[in-house]
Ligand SMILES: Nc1nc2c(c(=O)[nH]1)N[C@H]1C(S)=C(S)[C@@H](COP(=O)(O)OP(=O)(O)OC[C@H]3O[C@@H](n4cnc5c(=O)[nH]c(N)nc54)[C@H](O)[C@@H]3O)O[C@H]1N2
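As structure tokens, one chain now follows by itself in the form predicted on its own.
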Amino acid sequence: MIASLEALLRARSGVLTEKLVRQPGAFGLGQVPSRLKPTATTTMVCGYCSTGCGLNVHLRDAAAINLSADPDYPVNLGMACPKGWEALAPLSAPDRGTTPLLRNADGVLEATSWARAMEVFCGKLKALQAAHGPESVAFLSTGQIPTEEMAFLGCLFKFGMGFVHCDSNTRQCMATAHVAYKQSFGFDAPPYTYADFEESDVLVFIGANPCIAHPIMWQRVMRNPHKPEILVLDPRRTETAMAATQHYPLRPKSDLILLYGLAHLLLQLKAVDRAFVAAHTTGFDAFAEFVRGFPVSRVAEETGLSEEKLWRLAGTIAQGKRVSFWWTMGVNQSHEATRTAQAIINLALMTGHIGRPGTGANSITGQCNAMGSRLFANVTSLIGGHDANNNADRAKVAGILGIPETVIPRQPAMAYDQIVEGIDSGKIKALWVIATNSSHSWVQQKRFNALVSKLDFLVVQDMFPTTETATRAHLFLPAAGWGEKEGTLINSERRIGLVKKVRIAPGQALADFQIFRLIADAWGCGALFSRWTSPEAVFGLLKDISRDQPNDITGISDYRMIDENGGIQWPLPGPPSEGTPIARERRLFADGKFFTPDGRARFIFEEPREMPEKPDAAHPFLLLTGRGTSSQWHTNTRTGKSDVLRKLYPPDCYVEIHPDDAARLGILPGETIRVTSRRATIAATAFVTPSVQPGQIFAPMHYAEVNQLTFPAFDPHSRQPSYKACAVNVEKTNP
């Protein structure tokens, strides 16, 4: 292991490749020939959100010095949000992790060598495994690293190290969409392409604020030449709602009732595509009977929308020729999230608005590689969308990877919340956290951080040792960031894009891929991963694993093909015919065939359930959370490193409150207020605005204190937490 470590550190000390600067659009690693010009340009995809924008990387002496939007990339068409323009800033942050850190006897993290870090890492985990079994150690990972690294991590942990329980922070954003699509369509398959933003004559956004969360997607909406109706279903008057043609400010968490009522109204308006339903779906008659229990009077009473507005909403959809339905975290983060997502899918199915330009039941992903995590991370399902309890799937994966089938666990991994509860019960003794900041982002944050202190061993692998989670670690492993390594990301529209190494990571920081390589060797299972020599080599394995799956990408020859085509949407089975260009925009289900055994989509529905934590006399307000600005990302771990981005959002936590509530409580704009839930009290600045309804407040999720308040409710099907609604009290700090 020491020899491989020394070779790895020597290799990583080199600068960037001849291929990278030889021509725009190439990639790779290695030495730069002196004959090359000192400046050049290459392209790669952004590593922040799921939009997957193409960025031009401007190089001097083969290292990135600046970024601009790629006008030819089919995602963003020359546009970029503030995060994209500033994506290099975190790489130069002064608090980068540059060496492994080990907590000493005095409780202080101090620098150590990679050799010592591997000795401690493997020694501690092997001892716990021997004493408490393979279920005693878990990892929590991310949607922010390349697909090849995700695959290496999941396979190493389960097949090489022999553990069982692992999940990623994709559970916090996209688990609902994954489960909803899989149950309704037979596979986790978002059907759309971004061109549908420009093809629709009616766009319906449910619990989504793309103006802020996905601004480039919103720019695609603004390019729509059809003067579309834009309908927004959201309790807040968000930036997207302000720009819409119709806004429906329903009561929080009444969306499932609204969607069922909407289906009932569409039945009355005879807006059902009977031919499509008969040929391509199953379960419609039972669904139609079910939604008769949601008459307009009931829906109006429970959503707070007038009957007139409900009829207008249904009528607009009924008259549309190309209707697209879009949702994101306002739906996914709910106590009944999966059925709400499926209620949206049901609307698209019953009206036949799927598989055609400008249509679809379209989940907008959160993180840059949440789709890669869902398909290839080998976390809660077998890698490549396979089933660990299907003998044929097990044999296929084992054969391709060259591993004994017996090392593939049949036992399902616990979900994120179950891992957390496992720490509380003593079942989970050690936790490995990779590229996520759970101490900030997990629901009911104070309890999570109290539980972390019970662990025998906490390892954090990240760019920064300063995150709320890393400061609690027993061992910190310094990782390279976006732009300091290579691999692929898969965006919301299923487009596989390329990340390239355009900077050298500082100090002894290594790409996550290289860290996993070190761990495999140190653990003694390196031979099992002898073919996992580089990200592109792993991409070749993932291609083989995808064969004959709905996400088949065997037609992609190599990274260069991805680069030259502006990314490639899955599926692409088999090599394309010679001379036949790959269509840049491809949607699913144009033939009406779904991935279920009978090829038909399913209508799935269930009675709505009450919100788990309702306001009461002591906590009369409902707290909503979400994205604050386009300049912030998740826990501000990276966006907080940019001087430019920090100027574009308030430095301290703020809360939006309606003017009527502020006047009643004597709260003035800019005053400090106290917000109290049943779990914590925080201080925040009052932002008085009619964008929230009376009795509701809104706080951005990016501020660490906000998740001290949130309530730990979970969707029973996706196990995704409900961040969007909890009961709180609001009062002046000095009444």
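Note that the structure is predicted; figures quoted are calculated from it, not measured. We number the residues from 1 along the sequence you see.
Keep in mind the form predicted in complex with this ligand is missing from the figure; the text below concerns it.
*Asks:* Consider residue 658 of the chain shown here, and say whether it contacts this ligand in the model of the complex, taking contact as heavy atoms within 4.5 Å.
*Replies:* The answer is no: residue 658 has no heavy atom within 4.5 Å of this ligand.
*Asks:* Indicate whether this ligand has at least one heavy atom within 4.5 Å of a heavy atom of residue 253 in the model of the complex.
*Replies:* Because a heavy atom of residue 253 falls inside 4.5 Å of this ligand in the model of the complex, the answer is yes.
*Asks:* Does any part of residue 538 reach within 4.5 Å of this ligand in the model of the complex? Heavy atoms only, please.
*Replies:* Flag for residue 538 set to no.
*Asks:* Please check if residue 73 has a heavy atom lying within 4.5 Å of any heavy atom of this ligand in the model of the complex.
*Replies:* Residue 73: no, not in contact with this ligand in the model of the complex.
*Asks:* When this ligand is placed as it is in the model of the complex, which of 59-67, 682-690, 668-676, 697-705 ends up with heavy atoms within 4.5 Å of it?
*Replies:* Going through the listed ranges, the match is 697-705.
*Asks:* May I ask whether 366, 629 and 636 each come within 4.5 Å of this ligand in the model of the complex, counting any non-hydrogen atom?
*Replies:* Every listed residue reaches this ligand in the model of the complex, so yes.
*Asks:* So this ligand isn't shown here. In the model of the complex, which residue out of 490, 145, 354, 204 has a non-hydrogen atom within 4.5 Å of it?
*Replies:* Looking at the other structure, the residue within range turns out to be 145.
*Asks:* Of the residues 266, 305, 505, 212, which one places a heavy atom within 4.5 Å of this ligand in the model of the complex?
*Replies:* Comparing distances to this ligand in the model of the complex, the residue within 4.5 Å is 212.
*Asks:* With this ligand taken in the model of the complex, which residues across 445-470 come within 4.5 angstroms through any non-hydrogen atom?
*Replies:* Counting only heavy atoms within 4.5 Å of this ligand in the model of the complex, the contacting residues of 445-470 are 461, 462, 463, 464, 467.
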